[in-house]
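The form predicted alone is given below as one chain in structure tokens.
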């Protein structure tokens, strides 16, 4: 009798999450032309293409700040001729558009290295809680600036929350609730395990609320991209979270004469600096907060740097590394 040999199938490698800030796609001082967006995406895409040669699954997230703002301004400019779309639809539009730019750019970079892999964009829904305190305290300014008279009319006719934005003009303010779960996390994970590069949760994803019967409905809100990325990273079982931004590393006393770059810190140290208010709200603070959530949830490593320095950062020669 011949014994039957059995071999266990090797489990897929844990995916790596690469997150691109919206200001990486449109950089400060740029006009925001599509040519500029493609060139900026190419810089980040070239690293991702090289990374794809020797890595397991790669999942890319991205910000949408400047771009969704432009969509809202177009919305307002053409409201007399075309029905204006709600913010959550604008979120979905920006996710698809930026995803296309990244998708084509990465594909072309892979073509040059002759390491062809499929790249796909998934418009992603992110569940938020209707009881989140953010809904009673809208804090995120969006869209164009208005005169006080225009803002009062919009508040009265549309029920918008409007306020003066740093003395620059009146703007609409919307909630920024915390992400609860990623609806498409399961399919994102399955696709990435086949070697496909997945672009998902763009701009923090499209915010949706879940009704008692399980159905979903879009809601006008802005979800922080870094927090959504952390939730997605944990739901797909990622071990590494690479956060690409315009700042080369995290700093203490940022912008002051004695600012100090942080090359490496533990999650305990990150929480200490975060609690002390060392990181700017709306800038580095949410990145550190997302890093803490990811590492405390089971992640292994977070790297924060610019696209230009990512390879040096992966070798410990640049950027900030945060570990559990």
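Residue numbers count along the first chain shown, from 1. These figures come from a predicted structure and were not determined experimentally.
What comes next is about the form predicted in complex with a further copy of the same chain, which does not appear here.
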(message) Quick one: 101, 196 and 211 and a further copy of the same chain in the model of the complex, is every residue within 4.5 Å by at least one heavy atom?
(response) yes
(request) From the candidate stretches 153-161, 234-242, 83-91, 169-177, select the single one in contact with a further copy of the same chain in the model of the complex, where contact means a heavy atom within 4.5 Å. (result) 83-91
(message) At 4.5 Å between heavy atoms, is residue 280 in contact with a further copy of the same chain in the model of the complex?
(response) no
(request) Mark residue 191 yes when one of its heavy atoms lies within 4.5 Å of a heavy atom of a further copy of the same chain in the model of the complex, and no otherwise. (result) yes
(request) Considering only heavy atoms, tell me if residue 261 and a further copy of the same chain come within 4.5 Å of each other in the model of the complex. (result) no
(message) Taking a further copy of the same chain as it sits in the model of the complex, is residue 149 in contact with it (heavy atom to heavy atom, 4.5 Å or less)?
(response) no
(request) Counting non-hydrogen atoms within 4.5 angstroms of a further copy of the same chain in the model of the complex, say which of 252, 142, 71, 249 makes the cut. (result) 71
(message) Which residue, 217, 137, 130, 113, is the contact with a further copy of the same chain in the model of the complex, using a 4.5 Å heavy atom cutoff?
(response) 217
(request) Let me know which residues along 174-206 have a heavy atom within 4.5 Å of a further copy of the same chain in the model of the complex, or say none if there are none. (result) 181, 183, 184, 187, 190, 191, 194, 196, 206
